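The data below hold one chain only, encoded as structure tokens and taken in the form predicted on its own.
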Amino acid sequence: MREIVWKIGGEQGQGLDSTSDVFATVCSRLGYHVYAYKTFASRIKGGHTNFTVRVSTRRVLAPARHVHVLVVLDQEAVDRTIGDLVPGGLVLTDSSFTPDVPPGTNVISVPMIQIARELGNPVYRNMVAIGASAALLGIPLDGFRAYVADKFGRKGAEVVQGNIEALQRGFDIAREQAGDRVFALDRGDGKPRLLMTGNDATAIGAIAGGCRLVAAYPITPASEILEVAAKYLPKFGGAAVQMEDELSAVAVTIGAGFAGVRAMTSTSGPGISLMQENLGLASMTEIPMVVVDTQRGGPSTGMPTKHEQSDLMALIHGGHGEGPRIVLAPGTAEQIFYDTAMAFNLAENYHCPVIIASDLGLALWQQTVEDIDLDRIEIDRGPLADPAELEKLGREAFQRYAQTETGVSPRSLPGMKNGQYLATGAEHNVFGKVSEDPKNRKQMMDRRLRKIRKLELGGKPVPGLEVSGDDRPDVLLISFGSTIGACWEAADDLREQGLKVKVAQVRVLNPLPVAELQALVDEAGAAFTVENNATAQLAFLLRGNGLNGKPLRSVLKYDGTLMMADEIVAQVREALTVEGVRA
């Protein structure tokens, strides 16, 4: 088999996260591609949770509908997930629990708790479950043994041996019970891969990009960015600070940017709402800063542990007045690593806020990542005032907001002689002094707005789109964020059905690459946006930015769960056949 799906379900707080993390990590080290995600309630502890790990010999970046081996630790897990089991699938459970399952279900019962107690520690139950799962999926134990030795070596030989014995006993009992009903996963390519979440990649990408301050207030699903930054930033001379709220977090970020420090804040829906006023301040004062928004189900508190992509309007237009901001939309952990590093270059070249539109599916769920290439990271501080030129100017002659063709004028940093200026949120003249003169107002507004009409770094354009697939396609799928993984998979499925398909991933939401998208829509038989919101916000943005021509249909999902490839295929097929859309 080229791919298997393993799921474990039970009560939140039973160690399911750590069990799944071990399983996913070892599979990634064995050379498989992994995509791991969970369903959990919005509470600290308790309530049902289930964790799914998709293991494949090809790249996977989307959830799967079917499960081959289902580990259930209570009846609620059975009731909620048994419908996911494929025909011939296996249910693995502890012998102390007799699950009520549909007739004919293959149940493998292993005395997990009993073995753990015999080995002297109840936590060994998770290793028994992993060993038994490996047996049912046809995965050798060698990789798990190596992981245990690496993970628990510092705790002593006895702990290592206990875990290994737990793995082996679970493996042996499950293998004996299952007989020839086990699955046989093909061997991976043997290339060990990084396994990380989007939040991991965001924090690490920020550090690689020269960020030395992360100031944030914890909020699901963004909190891990601050946690990872707090772990690693001090090693590079930086700091991560938990602020009292989002208002102070963004204010500190602006202050650090004014002082010349690359700084970032991270938040989610309600937090981005609170930050709107200061996002305007950063636009008006033209201070570089980076903001990460990990979108979740809204409005208000909404569904904080559920996936959604419904902050687009807030990210692009949220706030009072009109101020420039750049909005990036990475879709994979690899992309968000490089985009976060690039965001600081953009902020310092265009002197405006750069917002990274992440989402819960990207932020929290694990995926394998190819080796990170640090040589791709370049630090570009953008236009800075020349100290020698400032020296010649004398006092109070520096025009921080000078009129330029690009709209960007060199900034000075605190400590530069003769580089002092007033950074005020009020409208101001070229020196930064408050001015409400109508002519000045129009000139300053025009200058600010023309800064980001197109994006370049080092004289090279920053691509707003990533396009893959067939020329002159029957179907064009346009998407952004983590939904792109399901789009790529859906495109493969539609091709197997005889259609030519192209996928356009929008990597920059503002300024939107409308001309490039228009060309793609014009050549396609039918065009669809694919997005996790109820009001087709991406389609609205495309039309609002001038995209015209043939009807633009939308594949939408807003129930809090991730988009699946088969859902895209079904809605596209329905449009092509039932509605009679020409392809």
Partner chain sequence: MATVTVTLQDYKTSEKAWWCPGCGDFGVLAALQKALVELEIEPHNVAVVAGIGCSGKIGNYINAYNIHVTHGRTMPVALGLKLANRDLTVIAAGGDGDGYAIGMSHFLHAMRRNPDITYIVMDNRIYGLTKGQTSPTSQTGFETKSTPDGNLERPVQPIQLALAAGATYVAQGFSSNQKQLVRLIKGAIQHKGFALVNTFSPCVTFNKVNTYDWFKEHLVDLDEVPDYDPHDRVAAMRFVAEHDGLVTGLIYQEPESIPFEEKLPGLGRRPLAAQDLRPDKEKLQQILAQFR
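Treat the numbers as computed from the prediction; the structure is a model and nothing was measured. Positions refer to the first chain, counted from 1.
Another form exists, predicted together with the partner chain; not displayed. Remarks below refer to it.
- Contact with the partner chain in the predicted complex, defined as any heavy atom within 4.5 Å, is confined among 415 to 423, 311 to 319, 121 to 129, 157 to 165 to 415 to 423.
- Here is the short version: of Ile379, Met445, Ala184, Ala146, the single residue with a heavy atom within 4.5 Å of the partner chain in the predicted complex is Ile379.
- For the options Glu405, Asp471, Asp180, Glu244, the residue carrying a heavy atom within 4.5 angstroms of the partner chain in the predicted complex is Glu244.
- The closest non-hydrogen atom of Val467 lies beyond 4.5 Å of the partner chain in the predicted complex.
- In the predicted complex, the partner chain sits within 4.5 Å of a heavy atom of Phe258.
- Put simply, Gly237 is close to the partner chain in the predicted complex: some heavy atom of it is within 4.5 Å.
- By the criterion of a heavy atom within 4.5 Å, Arg450 is excluded from the residues contacting the partner chain in the predicted complex.
- Highlighted residues Val5, Gly13 and Phe40: none comes within 4.5 Å of the partner chain in the predicted complex, counting any heavy atom.
- For the stretch 93 to 128, the set of residues having any non-hydrogen atom within 4.5 angstroms of the partner chain in the predicted complex is empty.
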